[in-house]
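Let's start with one chain on its own, the form predicted on its own, as structure tokens.
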Amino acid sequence: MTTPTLSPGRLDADTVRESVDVVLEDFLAAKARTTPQHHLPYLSGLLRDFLSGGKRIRPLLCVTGWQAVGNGEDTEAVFRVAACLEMFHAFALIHDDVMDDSDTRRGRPTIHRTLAALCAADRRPDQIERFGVGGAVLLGDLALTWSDELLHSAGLTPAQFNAVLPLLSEMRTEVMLGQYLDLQATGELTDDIEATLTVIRYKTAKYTIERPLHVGAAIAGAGPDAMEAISAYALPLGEAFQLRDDLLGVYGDPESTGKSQLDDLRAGKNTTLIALALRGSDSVQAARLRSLIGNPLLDERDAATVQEIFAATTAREAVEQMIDDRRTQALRALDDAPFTADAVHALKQIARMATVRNS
């Protein structure tokens, strides 16, 4: 397959997604051909299926960061680094689903559920679950390893590689810290809004928005001013993105989000939405929230009760306002940013896509 070309002066989200898909498809096809031992061809196919259907937000931001500050000719290298980010994201999602014990991802069974089903006929129930979880951890590790391979085979110059590698290392450290903080907070409901925002900054704002833009800009040789302008745009937008995601976890259409409205509530995710509701609730409402959120048997009626308390405490309304405020802050940061006009236009579109969505 041939990677589409991309003019540095023109931003085309569909072309970026198509180009990254080509890189990933070719990479996984080569793995299936050149490493036929045991079940690796099956695992690479499973990973290919898992990667399909993603929004490619991080690759899109990576290419946008590159185009925002440069007019380089290194299109192939940028697409390959963007694909490296998407492969890393597959690792993060597979492990996240294991930690959350999720049943579905993008409307399909999660990897650990898929693998468990493979051996359901000839193993004990405890063995089935252990195989599914263990296999998913290994497949996630494989995606992490292959994301490194995509980076090292991207064709970056030594200067580009030296600029990109520290950013990727920081991104990986930040998302692991955010994931740990999220895991630590799950099931321990609190009205500490700042604590929930700290999780958001590390798990989403930096990982999803800031670092992909930084990586692309670093390939183009961005200086400190451009990097600071990226952060001024990316961090509030990343927070808004996750706040929207938290609302979708409770109010979203499962057909669009690919997961049940009950998952986050059953898991006891300590979101900003919940913290605001606890802060604004009376003792009866707070006790009801604590008894329902985190209950693995929570049903549709219980979820409706939680939603009623969210409405009564104006928590949902407050989160919507926080999203609007952060989107406005991000857009204002573009006013004086040292970016190309095409990139500014694209970043404005991305801000809308990230915060006004139904999936």
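So that there is no doubt, residue numbering starts at 1 and follows the sequence shown. Fair warning: this is a prediction, and the values are worked out from it, not measured in the lab.
What follows is about the form predicted together with a further copy of the same chain, which we do not show.
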- [ ] Scan 279, 130, 288, 108 and let me know which has any heavy atom within 4.5 Å of a further copy of the same chain in the model of the complex.
- [x] 130
Open item on the list: Quick check on this chain: which one of 221, 258, 155, 134 has a heavy atom within 4.5 Å of a further copy of the same chain in the model of the complex?
Closed with: 134
TODO: Sort through 77-85, 233-241, 279-287, 139-147 and report the only stretch with a non-hydrogen atom within 4.5 Å of a further copy of the same chain in the model of the complex.
DONE: 139-147
Task: Contact label in the model of the complex: residue 51 to a further copy of the same chain, heavy atom within 4.5 Å - done: no
- [ ] Indicate whether residue 188 is a 4.5 Å heavy atom neighbour of a further copy of the same chain in the model of the complex.
- [x] yes
Task: Any non-hydrogen atom of residue 294 within 4.5 angstroms of a further copy of the same chain in the model of the complex - done: yes
- [ ] Flag residue 99 as yes or no: does it have a non-hydrogen atom within 4.5 angstroms of any non-hydrogen atom of a further copy of the same chain in the model of the complex?
- [x] yes
Task: Residues from 42-58 in contact with a further copy of the same chain (non-hydrogen atom within 4.5 Å) in the model of the complex - done: 42, 43
